[in-house]
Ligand SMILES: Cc1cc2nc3c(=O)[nH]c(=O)nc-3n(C[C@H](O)[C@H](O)[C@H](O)COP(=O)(O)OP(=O)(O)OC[C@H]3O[C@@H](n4cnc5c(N)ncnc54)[C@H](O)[C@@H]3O)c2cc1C
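Below, in structure tokens: the form predicted alone, a single chain.
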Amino acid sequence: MTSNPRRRPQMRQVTVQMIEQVTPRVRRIVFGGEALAGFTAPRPGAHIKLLFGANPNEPPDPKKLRSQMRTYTPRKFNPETNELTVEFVLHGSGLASTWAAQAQVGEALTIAGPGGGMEIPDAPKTMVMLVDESAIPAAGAVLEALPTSCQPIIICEVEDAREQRSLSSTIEVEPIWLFRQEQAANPGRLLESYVSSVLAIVKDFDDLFWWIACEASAMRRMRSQLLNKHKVSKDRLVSRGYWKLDTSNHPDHDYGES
């Protein structure tokens, strides 16, 4: 049986419409343009590709694509205005971070996608989300897709108290915030230490769904802890390594399964 070849995502030329400094380390950028007509509203946790440093008037060079592309979460898309919102963590020198820190209204960029995302499980009683700042946009999208009967427990690890922010403009939720700077903690360590605390407060362990999205090594440790120590079923766990400490352009599709 012959499989169909994977379709290359459509490249779309967009421009910066609005920039908002949400926290000291997070910039929200709204893109627009006629090329977004027909853009499919993404599933929660979906991704898009942003192409930096390419000539918008020439086809992308396949040999340079990986080095020029970075993966981000499409936080919101408005089909009526063709506006796409993306949130950037300003983490210092880096292809996307440097671009976002210096971006100006009217600046052009090429995007591709969306792809991926998750199917929300059938009416879980409780959804536990363990995320760092890189996954907060996706966490907001997942939160907004949950059935009203589901109780979310959201633990957000960020650099310091100034990085606290609303996860959704439509859903009221009070995340538990963990601050690395206060405890001189490496990325993901505070999330790891909180897993046992979550299990202590949850009453119905059998109807619990886990969504973990953060630094890749920390994600793997938490995944192993839940599966091996606490015997969580694999079908009750989604894990994503959004980035990796001391690694540039961490590969996509890191689910911690290998």
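Sequential numbering from 1, following the sequence displayed. Every value quoted in this text rests on a predicted model; they were computed, and no experiment measured them.
What comes next is about the form predicted in complex with this ligand, which does not appear here.
Look at 66 to 74, 221 to 229, 36 to 44, 193 to 201: in the predicted bound form, residues with non-hydrogen atoms within 4.5 angstroms of this ligand sit in 66 to 74. Put simply, residue 137 is close to this ligand in the predicted bound form: some heavy atom of it is within 4.5 Å. Though the partner is left out of this view, residue 89 does reach within 4.5 Å of this ligand in the predicted bound form, counting heavy atoms only.
Using a 4.5 Å cutoff between non-hydrogen atoms, residue 94 counts as a contact of this ligand in the predicted bound form. Using a 4.5 Å cutoff between non-hydrogen atoms, residue 10 does not count as a contact of this ligand in the predicted bound form. Shown without its partner, the chain has 240, 241, 242, 243 in segment 216 to 243 as residues with a non-hydrogen atom within 4.5 angstroms of this ligand in the predicted bound form.
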